[in-house]
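Just one chain is shown here, as structure tokens, and it is the form predicted alone.
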Amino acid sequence: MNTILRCENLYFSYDENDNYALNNVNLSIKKGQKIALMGANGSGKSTFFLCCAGILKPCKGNLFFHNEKIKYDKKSLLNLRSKIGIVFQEPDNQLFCASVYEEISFGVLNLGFSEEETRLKVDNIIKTLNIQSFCEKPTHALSGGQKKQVAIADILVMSPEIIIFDEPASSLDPKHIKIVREIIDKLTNQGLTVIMSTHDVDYAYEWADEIILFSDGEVIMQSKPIDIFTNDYVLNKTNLEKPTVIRLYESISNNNTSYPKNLKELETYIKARLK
């Protein structure tokens, strides 16, 4: 897989002092990967996301999209934000049009598409996400889960190459967590690069191709989930627990070379041992 996003020696500060929210961050993400960003609140994950989309400009260092250095002129940023989209943790921070249909149309029209092209793209996204039942409603009348779906539609309608989810399950009930995760699975099955921040170790372990751990604005490890969640040092440093399936497996087995990926695989292992 080709590298789609890369950063080198990235620094960002919200003030003029050397209090860096991002401190010499170096990482690369390949096209089509499922990446989970993990770490405590305030560790730099959201700041990193905002830099990736050009919303924040780094103090030092560089970001590369398809190996081309990101530029910060108006035209370059407009193009970048059509290719790298963020679904914010709180949809109310993202939605501002009166109706759902207007909301989803806004970004596409800003990219210069005609009204007919926009209508076709919006109708397709509404159908894809199965949100026809509330697409004519005012956005303020939607539930939290519905707002999250509209926020996702906002980004998808622009045909991005990377979509970033900042805590996608935040404040959602179980029904809408399931809906959002099904949408994410559909996107990754289509080859879209998905980066998300999450505190859910069970979900990250089963879902992600790679996990990137942030602590105090620094990347302390980027690796496969099994390497992350069997490393006691980095788990302690980031206040993360081992996923349930790993803890259960370690309690019944001395084999540390073939961990099950999920509870179904663990069940299969237990049944085989009982025979």
Partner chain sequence: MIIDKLSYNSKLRYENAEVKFAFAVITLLICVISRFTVTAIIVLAVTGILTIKSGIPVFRYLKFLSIPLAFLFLSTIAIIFDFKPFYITINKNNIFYALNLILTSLSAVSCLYFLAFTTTIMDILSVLKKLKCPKIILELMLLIYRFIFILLDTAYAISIAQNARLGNINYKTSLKSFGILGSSLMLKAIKRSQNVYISMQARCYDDTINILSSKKAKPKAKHIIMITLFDGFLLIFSIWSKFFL
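Numbering follows the first chain given and starts at 1. These numbers were taken from a predicted model, which means no experiment stands behind them.
Just so it is clear, the following notes concern the form predicted together with the partner chain, a form of the same protein that is not shown.
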Pick from Gln146, Gln89, Thr198, Gln94: which has a non-hydrogen atom within 4.5 Å of the partner chain in the predicted bound form?
Gln94
Options 163-171, 75-83, 176-184, 189-197; stretch whose heavy atom lies within 4.5 Å of the partner chain in the predicted bound form:
75-83
Even though the partner chain is not shown here, does Ile155 get within 4.5 Å of it in the predicted bound form, heavy atoms only?
yes
Does at least one non-hydrogen atom of Lys71 fall within 4.5 angstroms of the partner chain in the predicted bound form?
no
Indicate whether Ile55 is a 4.5 Å heavy atom neighbour of the partner chain in the predicted bound form.
yes
Taking 4.5 angstroms as the cut-off for heavy atoms, does Tyr101 touch the partner chain in the predicted bound form?
yes
Can you tell me which residues in 130-162 come within 4.5 angstroms of the partner chain in the predicted bound form, by heavy atoms?
Glu136, Pro138, Thr139, His140, Asp154, Ile155, Met158
